[in-house]
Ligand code: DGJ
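One chain comes next, on its own, written as structure tokens: the form predicted alone.
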């Protein structure tokens, strides 16, 4: 009776914050406990007496790890149930959405995974990798769960590997990377939808019982309608600085699936991985299937802290040269489109130097001879230099760039082919298309079959050839403009393997290129944000967020991307989209990795002077923008003006970008904006930068303490006459 009464009382206390007060009253649970701990948080797994592996705690790290053993009883862990299984199977006791489902060689569709051991690798002083092996003793199927812990950054990467030793192939009907379990009173999901030029449009909703699924079935350019990124707030929607929130991103560039299921006891089951749509994967005996990684971070102090965790982690461990510099550039696309020749490009190279940018980027249209690339109907796949446009080849342009003391980069779209191309004529079997159905095009093109090793070799040689022929080539823009229609591979024996093998083939090529050219800057582009995930981004230095470069729209797009990616990865270009003045366009582009796509020769003297000075200012504060901590001060969704702050790692320099969002009468900043992330004991000299020629600063410049700036703040004086204001801050010594 006493035990029943105690457990009845404890059932009222679901909150993690009350756990420490209740621990002395509880009876210790039996079994093995496996804490997966970062600096501030803990994911605790429990091996029950029956050998099941369950999640019994996910939250703020406890000071005494022994007290994790009490959590199963507080949360009513029931060994007859699988709601909180660490990797839920199908076909036995589980009645909810499984993380893994298989069909064995004999047709049996059940799987029962039991704990079989664990090991830990120490990667370095800050990173460790935990392996937990599970086995089905009846069918000799093994799953290993991997948890790579980035201790200081409070980040975990999780994935699984699957192998079996049956006599014939089995079928993987579902194969998630991770199966998380959270407990709270309520859950709020923030996710994103969009389309071309409409990327990263957020929606936030309270999850209800049942399943909410985010997914893609596009094959390639899979993020077009929505990225594999999400936030889950516990108990209430998190703000920038308050609330418990989980941020996650699936590191996969193909079809993905993320399920959010609230179970009957109000626990949230989160399953993320490759979409099993049309992909019941055939796995041979002894062959190991590795799922992509799910990266996530849990914050007790709001979305801002969580995003800084991910940004720091990405710079240190995931992005190519994440702690290095970035190049400013001038792109020719919006100034010439397909219509250019050596003379036009030679002038643009001079304009790049005049502007003060580091690199000139030659975009689409430089290739194809039998089928010249004069528009987007022909030439893709024929990567020979167009002799009519560039009789002296790419080498001439590289040398011209060197004469102007700048670098040279080039655009490619190596995964695609136009039907009007020599490649299509020679290798129709290399193209993804149904043999019995009419071809269906997106932007007049089809997708090459990267599950085929011959196609992988062709794509590698396309990029490698550019470098071997032009050793001083300094930049690649890698585009991908079509999704997969009529999915069929002439190479694959089992068509159900195609969607997965396509992406794995793509990664093989990207991995080979990056291994051979480890430091060359490369932009990941896909018609805008059609491929923005850490699966592909691990091979690139930056990504193209959207083809929508209208600066007002870009503020919102860049704002939302910043929750998951550091500023130096976001390629932001100044273009002629929109009606905002050149100052506004440049100020917005400076929020990340700055570039230009304008006709420099058409700039007025004042506009040119402004751009030149802005590039100098950008480089002066690049340490804060690229490698510093980012603080969102005022959201564009809720205020007349958006404000975002970058503080360098030493807290001795900072830069604030402020933009008018609302053009209604009297809109602007009427009160000081409180800053964040400064050293309260330091003093900072405040000055307005990026002033347009002939204008004066409108802020109260001077020296202020960090304490004052974070307690009282400063008004950037944004209004209809000052639509964008950039403020530089340097420690006053």
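Positions refer to the first chain, counted from 1. Since the structure is predicted, the reported quantities are computational estimates derived from the model, not experimental observations.
The protein also exists as the form predicted together with the ligand; that form is not presented, and the subsequent description refers to it.
> Answer for residue 109 alone: is it within 4.5 Å of the ligand in the model of the complex, judged on heavy atom distances?
Heavy-atom contact with the ligand at 4.5 Å: absent for residue 109.
> With the partner left out of view, is residue 580 within 4.5 angstroms of the ligand in the model of the complex by any non-hydrogen atom?
Because no heavy atom of residue 580 falls inside 4.5 Å of the ligand in the model of the complex, the answer is no.
> Determine whether any heavy atom of residue 344 comes within 4.5 Å of a heavy atom of the ligand in the model of the complex, and answer yes or no.
Although the ligand is absent here, residue 344 would stay clear of it in the model of the complex, with no heavy atoms inside 4.5 Å.
> Residue 541 near the ligand in the model of the complex, any heavy atom under 4.5 Å?
So residue 541 does not count as contacting the ligand.
> Choose from 357-365, 454-462, 504-512, 402-410 the stretch whose residues reach within 4.5 Å of the ligand in the model of the complex, heavy atoms counted.
Result of the contact check: 357-365.
> Using heavy atoms only and a 4.5 Å cut-off, determine which of 269, 585, 477, 326 is in contact with the ligand in the model of the complex.
By the 4.5 Å heavy-atom cutoff, the listed residue in contact is 477.
> Which residue, 535, 72, 527, 304, has a heavy atom that falls within 4.5 Å of the ligand in the model of the complex?
None of the others qualify; the residue that does is 527.
> Are all three of 38, 58 and 244 close to the ligand in the model of the complex, meaning a heavy atom of each within 4.5 Å?
Judged in the model of the complex, none of 38, 58 and 244 sits within 4.5 Å of the ligand.
> What residues, if any, in 430-445 have a non-hydrogen atom within 4.5 angstroms of the ligand in the model of the complex?
Heavy-atom contacts to the ligand in the model of the complex: only 443.
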